[in-house]
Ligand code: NDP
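This document opens with one chain alone, in structure tokens, the form predicted alone.
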């Protein structure tokens, strides 16, 4: 089969588009998926470049967000049938430990992000993929395969951050970093869905117009405006109820300054760096809450997808590229030129 792999860390030159990869063999509890679309994430860049303290299994295949059809099933699989349209829940866990039983799969000792921590050659950037049957979710009928791949993990991640962890409420002010990206574009829509006021942070006027089209209540250009001053003007010096964080070191200090007494920062990543300054006085004096959030469960994905199925939340696709043009996708992500998600389509 055709797919994209790499066997060392480096620039885009390490990416190999191959046509000689074996179709994965499945076990009794697995399903073989014929991939119709797979969306790119920042973890594609992290795996290619390498991360300190993390071992990437080579040869490596990226791809966490895939949608396709059931092509083959293991002997123990009864909940799916051939040609069912599905998307992959990419947070793999054992399914039977205490933490999995409690509904906390990300606490599972065996938890892995598919296409990032798995391998060798185990991800969605290929024509076929082997997936445990319990990590498949029915594709909403109103979504194309491209849309399903683009929305699956970002909707799940943003849903867990805002709904499950931060308990978003009507009337909340929510500061959203990277608002024009995949996660940010979903966060804006969740704010609208829950009656909260979104304050979208962007880097240029094109992105400002884009987030306004999604329904952002307020927009701040971080290159031309002082974020703290603008936030305090918008909230009448109260500060925001929730900060939607996923950028890390460069933004964390500003996030704490913009947060109200008793407010919550919820974060799922650190694309600008892992070491962030922390003034502990803000933590105790203002009784601020700093929450981590990692992926989400299958049940949370099913809950969140109901709003995509009803059309209340939509997938945002920046570019659709053939799988063989994956290097172009890496370049666009690295330059920050993406609105929503990049989707790769096997030829």
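Residue numbers count along the first chain shown, from 1. Here the structure is a predicted model, which means the values were calculated and not measured.
Unshown form predicted together with this ligand; subsequent notes refer to it.
Partner contact region in the predicted bound form: 249 to 257, out of 142 to 150, 249 to 257, 125 to 133, 69 to 77, criterion any non-hydrogen atom within 4.5 Å of this ligand.
Remark: residue 333 counts among the residues lining this ligand in the predicted bound form, judged by a heavy atom distance of 4.5 Å or less. In the predicted bound form, this ligand sits within 4.5 Å of a heavy atom belonging to residue 183.
Proximity of residue 91 to this ligand in the predicted bound form: non-hydrogen atoms within 4.5 Å are absent; the residue sits far from the partner. Contact between residue 198 and this ligand in the predicted bound form is not found at the 4.5 Å heavy atom cutoff. For the residues 282, 46, 58, 290, the 4.5 Å heavy atom test against this ligand in the predicted bound form is passed only by 46. The partner is absent here; in the predicted bound form, the one residue of 271, 235, 228, 138 having a heavy atom within 4.5 Å of this ligand is 271. For the three residues 167, 263 and 297, a heavy atom within 4.5 Å of this ligand turns up in the predicted bound form in no case. Along 203 to 237, a non-hydrogen atom within 4.5 Å of this ligand in the predicted bound form is carried by 203, 207, 222, in order along the sequence.
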